[in-house]
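In structure tokens, one chain follows: the form predicted on its own.
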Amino acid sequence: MRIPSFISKLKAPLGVAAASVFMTGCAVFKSAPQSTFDAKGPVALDQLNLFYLTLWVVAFIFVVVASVLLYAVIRFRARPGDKDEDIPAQTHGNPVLEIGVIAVSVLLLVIIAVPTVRSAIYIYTVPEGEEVLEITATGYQWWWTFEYPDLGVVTGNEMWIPVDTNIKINLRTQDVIHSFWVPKLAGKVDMIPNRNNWMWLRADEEGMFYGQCAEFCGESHANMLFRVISASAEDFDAWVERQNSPAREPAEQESLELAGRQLFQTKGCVQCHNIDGIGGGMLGPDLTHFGERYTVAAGLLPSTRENLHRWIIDPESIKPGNLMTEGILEQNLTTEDVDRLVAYLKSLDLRENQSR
């Protein structure tokens, strides 16, 4: 059977559309760490419901318009033997049809617009009468600082929050425009120089949620990741207590850790990184309790000795353009020096059952 020419012309666009559907479907599954279809908090759920509403309205429009178009193409296509004057009856100027189309279009826009405005108000209104924890998130090229002003805690690249608690996040940047995004908890909000943006979110269950910068900000934009750890009230309070404690001191018999601490002070690490009890700069993340963190290099690698060794030896190969590269090259660290630094940094863990 011969395929009509108008259908043949649609094969390429239909193929592209089908491929797009199958490709985007890969991120729909709940196992995807950054799937927006697996909302774990009220803000993300509100935004997901708005997306579904918009999707169904647009799908309805597409089906109706495509059906009318397909009907017109088939019903009124030119056939062999037709003459130029055999033109179908025209409906131009039909007031009922034109007013009806306008009315339906306005109705569909209202169906989308009203929930959109309501959602915009909701995501910028922290629920009243409920407990609120305030956190200041600051973006750098290419890492994050999280400060808890009411708790006296400053940490880097991993933001701990208590489950079922409203979190107000003040968004700041120290250089270029960044964008704060935790797909399963809330949508994207930009961090703009000299502008104080903010957002709120809440995690409805315990767990680790993946976040990242969603605004191109330079060479390692794609490597600017972070984690949000939602913990029970007891675990969160214990974490805060540890964060407010001095850094763990190396035991005398642990000569490798003690040597690592000395190297940290003498090899220039303190110029960029702070450890309570040692001091240091703030050009890089605070490392006071680094051994408790799950990741290295702003969420890019799991926090293992091997990955930390890789990061110290050659940070440029992991995160191009980062500020550590030049400083590391200037220090001429030996493999033994790096082993000592790794041992010391991994020892900065006050948990009772720490694994070093």
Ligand code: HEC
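One rule holds for the numbers: they count along the sequence shown, beginning at 1. Given the structure is predicted, the values throughout are model-derived calculations rather than measurements.
The same protein also exists as the form predicted together with the named molecule; that form is not shown, yet it is the one meant from here on.
> What stretch, of 106-114, 140-148, 184-192, 197-205, brings heavy atoms to within 4.5 Å of the named molecule in the model of the complex?
Replying inline: Heavy-atom contact with the partner occurs in 140-148.
> Is Val43 close enough to touch the named molecule in the model of the complex, meaning at least one heavy atom pair within 4.5 Å?
Replying inline: Val43: no, not in contact with the named molecule in the model of the complex.
> Does the named molecule get within 4.5 angstroms of any non-hydrogen atom of Met324 in the model of the complex?
Replying inline: Flag for Met324 set to yes.
>> My question is simply whether Lys267 lines the interface with the named molecule in the model of the complex - judged by any non-hydrogen atom within 4.5 Å.
In response: Lys267: yes, in contact with the named molecule in the model of the complex.
>> Taking any heavy atom pair closer than or equal to 4.5 Å as contact, tell me whether Ile121 reaches the named molecule in the model of the complex.
In response: Answer no; every heavy atom of Ile121 is more than 4.5 Å from the named molecule in the model of the complex.
>> Since the partner isn't included here, can you check whether the named molecule sits close to all of Met159, Arg172 and Ala214 in the model of the complex (heavy atom within 4.5 Å for each)?
In response: Not a single residue of the candidate spot has a heavy atom within 4.5 Å of the named molecule in the model of the complex.
>> To verify the annotation, which of these, Leu283, Ala251, Ile102, Ala72, has a non-hydrogen atom within 4.5 Å of the named molecule in the model of the complex?
In response: Exactly one residue meets the criterion: Leu283.
> Between the options Ile278, Cys272, Ala259, Ala231, which residue brings a heavy atom to within 4.5 Å of the named molecule in the model of the complex?
Replying inline: By the 4.5 Å heavy-atom cutoff, the listed residue in contact is Cys272.
> Going through 296-311 from first to last, which residues have a non-hydrogen atom within 4.5 Å of the named molecule in the model of the complex?
Replying inline: Those in contact are Val296, Ala297, Ala298, Leu308, Trp311.
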